[in-house]
Structure formats: structure tokens, C-alpha cells
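Listed next as C-alpha cells: two forms of one protein chain, kept apart as structure 1 and structure 2.
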Structure 1
């Protein structure tokens, strides 16, 4: 049984393609059931986010299964297959396992280390569990993916550095003030990035938020959202001495805060530090303000510089995460191999035992054998079967931990014409069970 991945992502398809094959999260039952109805598919999960649509499946016929999954993705959305074909990728076996673990650990994301993807995969798995399309293998695999993602976050600093402009502002503020809980923030303007940064500051416990905007109604609306206070745009400068952090994004053609005014503000603050974040283009705050003692002014380029430096740090941590994934892949692959080995060994033993019994019965029917002779024949034939089975059984058990394991299993099944095992025949939790 192989794990398969078929899909497309931000790396292979533009948004206009991704949106056409997205699955609505409120109606996952139908596509999951259709996916499982494909004759080559044993289990299935659908992951659908703004950046990727991926089908996770198990199959004993990987080539056919991949083709069916690819066409299912097009057919379900009533698209010509040629429209998505060039954007699709398919993975199987170890490559598929590695890919899913990397996705869960946010190593394949647009922004390395972002936490959202793990929650999205958990949601996808929840739907598969609800509609009973995930079985023994994908259940175990998803829990492995979740534990690997947790281990990566625990053992590396992959998510510790801000990689968005808005959160970089918070990170810088912490370096300036160390504690934000008694600080007051003023929003000047209502730009999206400025608003997002304000939300980050609120989540980090600032004491009060003041909002000013040329349109006072807009200021009042935002102030209500932030549980803060609206300030008239005409006199916001008079209240700056009460403010520790300023976020400005007005779109004004000229500076709305001159260096001279900020010199007065810092005197009124008795030289208490003040952090100014100018996200506007053109800039809202006179850059000369940076020469004033205890004024810390950052514009959007400064914040981008912080983001780029942090991205480099995340990439270093990603190397540590890849090493963790390599270790976990080997562990999971060993478990997966046991699912194939156990039923193969059982089927091989049953095949030879059936042959032994048939031949013993035929032989005894042609003899007038006393009980002692019958017992001797039974013992002899059982011993022969055990000796014949010893070597292939040992090789199969040892091969489950190597890359050749699947080749040996397929060879034994073919040579002895063994039946294809069912998933329920493979319930084994660890390698020690094979030794019983």
C-alpha cells in the first residue's frame, strides 16, 4: 500500500487556477465520497487552502490511482483536464510522506514557519474522519504529521522571528520598551497595514489605543473595534505627549509630523522614549525626527529590512527542521512496511500449510498407517514447512526496514500467488508484534 499526493500549490499554479479547484469547507462530504469511490483508492483526505489544493490517498496501484486522482480534480470542478494538467504534481511513497510532513511543519509555505497551515490540515483530517474516508494508514499518518509539526516548533526557532511588516513593528517595540502592558498606542489614519499592526499591539497587551482619522466617523468605528478612544484629526498633535507608540498611515502628500513638533513632544514627555512607525508612502513623519534623542522612527523600508533578516534566520532553522523530518520519515516508513510484511508472512505460511495438509491427507489415504506413523508424517511435514519458511520470513522481516522491502514483498506475493491483503489484516502497531 502506498501513500500518494496529487495537487497544486502557490509554487505551481497562479491564484486564478487555484481558486477554480478549491473545495468549499462547508461541503466536503460529497468530494470525499467521490474520491473514495475511485476504484484504486482505499483512503482519502482533501486539503484545500488559499495556497494549495492537495489530495492525500492510499492505493495498491499508484500509477492508475494518480491518473484517477488527477482527473477527479478536474472532473469534480467541471474543468477540462488540460486546463490544470501542467500545474499538477504527484508524489508517492517516501516522497509523498516527506512532502506532507514538510507542509504540516510549514516548510513548504509561502512564508516559512507560518502557523496557519497546520490548523488547516487538522481541519481537513477532521472532515475525512467525519465522513470516514481516512482509515488505518492515513489516520496514523496524519497524527505523525501533527506530532512532527509540534516537534519542529518545539525544537527549532522557525516561528520565533516576525516575518510580516505589521508584526515586525511589535517585535521592535518590545526591544525598545521590553514591556508593552502600560503603553499607549495612537493610530493616525486607517490603512490596512497600520490597522493590522494595531491588532498585533493589542494582542500583546498595550494599555490604551487612540485613533485619529480625517474622517472622524471612521476613527470612531476603529476605536470601538479596538475598545479605544477616537481623537479629532485637528488636535491629535496636542495629545502626542501621552502616547508611547505611533502608527501612521494617512496617504497625505506632505509630512503630518515635523521634527520640530516632535522635539516639543519629547520635552513634554520628559524624554521618555517614543516609538514612531511610519508605514505611509509618501512618508507621514519627517525623517529628521530620528536625530532627536529618545525618538525611534522606523519607516516601511526599515521594517522590511527587519523582515528580511528574520526570514534568513527562519531559513537557518528550516535546516534543523529538515533533519527532524528525515528522522521521522524513517520511523514512519518502518511502521508502514510492517503493514505489508505481517499479512504477507501470514498468507505465505497459510499457503504452505494448506499444501502440506492436502499432501499429507493424500499420502495417508494411500497407506494403512497406524497412529504412530501418522504422527511422524505430520511432524516431518510441519518441520519441513517451518524450515522452508524460515529464510524467506527472516528476509521479509529484515527488509521492512530497507528500501528493498516493497520489492521483496511483491516478489513473494507474485511467486506464491498470494491474495492481496485487506487493510484490516494489517493492524499492527509496532515491529515487536511481528516477532510473536
Structure 2
């Protein structure tokens, strides 16, 4: 049984194509059932987000199954196959496993480390469970993917640095103040990015928010929204010395805060540091202010630069995540390879034969038996083992061709506590086969 992936993503297809093959989240039952109705497919999951549409499936005939899945994607959306063909990728076996683990761990995302994708895959898996299209293998596989994603999140710093401008401002503030809980933020002017950043600061527990605006009513409105205090635009400068973080985005054509005024403010603050964020274009705060000790002034470009640096840092962490994934693939592959009929039958026979021999040996040791009795005991036990094994073995052999075959194999392995083959073992058998 092979795991397969067929789909397209932001890396292979433009949004015009992605939107055409996307599956609406409100009606997942129909496509899931149609996918499972394909004769080569045993299990299936559909992941559909704005950045990717992917089908995860298991099949015994990987090549035929892939072709069917590809056409299913086109047919379901009533698109000519040629239109999507060049954007599609198909993966099987280890490559498919690696791909899904990487997607779940957010290594394949447009913004590496973004947290939504894991939730989206969980939702997709939820639909597959609801419509019973995920079986033994995909169930196990998806839980593996979730646990790997969690491991990557806790063991690497892949998601630790902000990749949005407004959140980068909060992180910078933490690098300056460490603790935001006793800090005061002042909003000068209004603007989407400014308000977003202010909201981030509030969520991170700042003590007080002051709002000022040329139109006082506007300031009051924002102030009630943020549970802060409105300050009139004429004298907001007199309150600056109580403010630790300034967010500025007015439409003023000139600087509204001069460097000279700010060095006065810093003196009044007894050198307590100030973090100034100037989102306005043209800028509100004289860039010379950054030269003043204990003032840290960032404009839009500076913040964008921080985001770029953070992204670079995330890419470094991604290498660590790849190593974790390699480790987990090996583990999962080992489990998957136990779901083959032949080795399972061999292992089951071996197990019972070992038990038989051990028991026979024990009995014969306590009993001074003549050769005839010994032979009789031998053949009795052997016949017993064969009789016991007959039914399970034939069911397992038939299971090879049935939909839920893996379920029987897994059950036998659990019931008889059969050992998981180690990769070393398979290497050894390969060598002995070569010698022959």
C-alpha cells in the first residue's frame, strides 16, 4: 500500500488556477465520496486552502491511482485537464510522506512557519473522518503529521520571530523594554497599520493608551475603542515624557516631532528609553532623533527590514525542522512496511514455532521419554500450530486484495505482539539474497 499526493500549490500554480480547483469547505462530502469511489483509491483526504489544493490517498496501484486523481481534480471542477496539467505535482511513497509532513510543519508555506496551515490540515482531516474516507493508514499518518508539526514548533524557533510589520514593532519593543506591562503607548493620528500595531500592544498588556488626533472627536472615538485616554493635539507634546512607545501616522507634510524636542523629553524622563514608530509617509518624526541616546526610532522601511531579517532567521530554523522530519519519516515508514502480508505471515509462523519448540523442550526435559513418545509430542504440537494458523493465514492472504486488508494485518500484529522489522534486518536479507 502506497501513500500518494496529487495537487498544486503557490509554488506551482498562480492564484487564477488555484481558485478554480479549490474545494468549498461547506460541501466536502461530495468530493470526498467521489474521490473514494475511484476504483484504485482505498483512503482519501482533501486539503484545500488559498495556497494549495492537495489530495492525499492510499492505493495499491500508485501509477493508475495518480492518473485517476489528476483527472478527478479537473473533472470535478469541470476544467479541461490540459489547463491544470502543467501545475500538478504527484508524489508517492517516501516523497509523499515527506511532503505532507513538511506542509503540516509549515515548511512549504509561503511564509515559512505561519501557523494556519496546521489548523487547515486538521480541518481537512476532520472532514475525512466525518465522511469516513480516512482509514487505518491515513488516520495514523495524519496523527503523525500533527505530532511532527508540534515537535517542529517546540524544538525549533521557526515561528518565533514576527513576519508582519505591526507585530515586528511589538517584538522590537520587547527587545528594548523586556516587560510591556507598565508601559504607556501614545497613538498620534490614525491609520490602519497604526491601529493594528496599537491593538497588538494592547494584547501584549501595555498599561495605558493615549490617543491624539487633529480632530479631537476622532481621538475620543479611538480612545474609547482602546479603553484609553484622548489627548488634544495642541498639547500632546507636554505629555510625551510619560510615554514609552509612540506610534505615529499623521498626514502632516512636515515633521511633527523635532529631534530637539525629543532630547528635551528624554532629559525629562531621566534617560528612560523611548521607542518611536513612525509609520507615516512623509515621515512625522525627525530621523535625527535616532541619534539621541536611549531613543530608538523606526520608520516603515526599518520595520520592513526587521521582517526580512526575521524571515532569514526562520529559514535557518527550517533546516533543523528538516532533520526532525527525516527522523520521523524513517519511523513512520517502518510502521508502514509492517503492513505487508508476506512478512506478517512469516513473522506469525515464526512466533508460534518458537513458542512450540520452547514448550516441547521444557516438557521433554522433565520427562524421560523414548524416541517414539518424543516423535509423537513433536507431531502433535506441530499439527496443533498448523491448525491454529490455518484460518488466520488464509484470511491474511485474502486480505491482500480487500479494502480493509491493512486493518487485519495491524490487528494480527497487535494480537500476537509481532516485532516491527528493523531497517538493519532488511539490509541483511538483501545481502543474503545477493549472495544467492
Partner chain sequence: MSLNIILFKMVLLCYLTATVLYLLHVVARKEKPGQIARWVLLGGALIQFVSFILRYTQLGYTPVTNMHESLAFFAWCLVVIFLLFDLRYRLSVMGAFSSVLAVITMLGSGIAPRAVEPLNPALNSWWFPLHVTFAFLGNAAFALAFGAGVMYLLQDRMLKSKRFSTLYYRLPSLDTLDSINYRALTFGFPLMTLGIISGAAWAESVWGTYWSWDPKETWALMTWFVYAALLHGRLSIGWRGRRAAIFAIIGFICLLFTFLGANLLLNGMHTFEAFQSKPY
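Keep in mind it's a predicted model, so treat the numbers as computed, not measured. Numbering follows the first chain given and starts at 1. Basically, rigid core = biggest C-alpha set you can superpose within 1.5 Å across the two forms.
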Query raised in the report: Which structure would you label as the form predicted together with the partner chain, 1 or 2?
Result: 2
Query raised in the report: Core-aligned, does residue 378 move its Cα 2 Å or more between structure 1 and structure 2?
Result: yes
Query raised in the report: Has the Cα of residue 390 moved 2 Å or more between structure 1 and structure 2, judged after a core fit?
Result: yes
Query raised in the report: Is the C-alpha displacement of residue 21 equal to or greater than 2 Å between structure 1 and structure 2 once the rigid core has been superposed?
Result: no
Report summary line: residue 350: Cα shift between structure 1 and structure 2 after core superposition, Å, came to 12.7
